[in-house]
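Here we start with a single chain on its own, the form predicted on its own, put down as structure tokens.
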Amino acid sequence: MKRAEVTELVLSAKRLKGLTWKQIHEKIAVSTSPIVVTAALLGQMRLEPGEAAKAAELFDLPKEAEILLTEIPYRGSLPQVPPTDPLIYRFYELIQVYGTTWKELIQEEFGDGIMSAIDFDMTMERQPDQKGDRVKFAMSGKFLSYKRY
């Protein structure tokens, strides 16, 4: 079994059971970020063994799939760059337009380095707005200075 097959089993069971990602998060790992749980079930992160057992039960997965959910994944899920899905492309577009600005502002504030995507937190929330609801993402990554050697 391959990790992509587990993702397909999860998506199929989610669809057939009529579950939302929020409901899935509440049943599998309420103490973990819903973004991490969703990413793990889509093959980009891993679950702890107890979380994987709950996922396997929820989605009626075979034992091998449960084990695969705990393994370190091969990350990076875009089938092509630039992405063609309009929602994902907007994030790509944000990087194209604001990437150099974010780089300058971060490095001016912190120095020569990067924002970690490993020691990282992210939240997403819906913000009601009279002109149409808004999507709010907040990202927080540890700053890692480049070292001279």
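Residues carry their position along the shown sequence, with the first being 1. Note that the structure is a prediction, hence the values are computed from the model and not measured.
A second form of this protein, the form predicted in complex with a further copy of the same chain, is not displayed here; the remarks below concern that form.
Chemist: Flag residue 54 as yes or no: does it have a non-hydrogen atom within 4.5 angstroms of any non-hydrogen atom of a further copy of the same chain in the predicted complex?
Modeler: Answer no; every heavy atom of residue 54 is more than 4.5 Å from a further copy of the same chain in the predicted complex.
Chemist: So in the predicted complex, is a further copy of the same chain close enough to residue 50 to count as touching (4.5 Å, heavy atoms)?
Modeler: Looking in the predicted complex, residue contacts with a further copy of the same chain do not include residue 50, since no heavy atom lies within 4.5 Å.
Chemist: Just to confirm, residue 68 within 4.5 Å of a further copy of the same chain in the predicted complex by heavy atoms?
Modeler: Yes, residue 68 sits close enough to a further copy of the same chain in the predicted complex that at least one of its heavy atoms falls within 4.5 Å.
Chemist: Would you please decide whether residue 85 lies within 4.5 angstroms of a further copy of the same chain in the predicted complex, comparing each non-hydrogen atom pair?
Modeler: Yes, residue 85 is a contact residue.
Chemist: Which residues in 70-86 have a heavy atom within 4.5 Å of a further copy of the same chain in the predicted complex?
Modeler: Residues within 4.5 Å: 71, 72, 73, 74, 75, 76, 77, 78, 79, 80, 81, 82, 83, 84, 85, 86.
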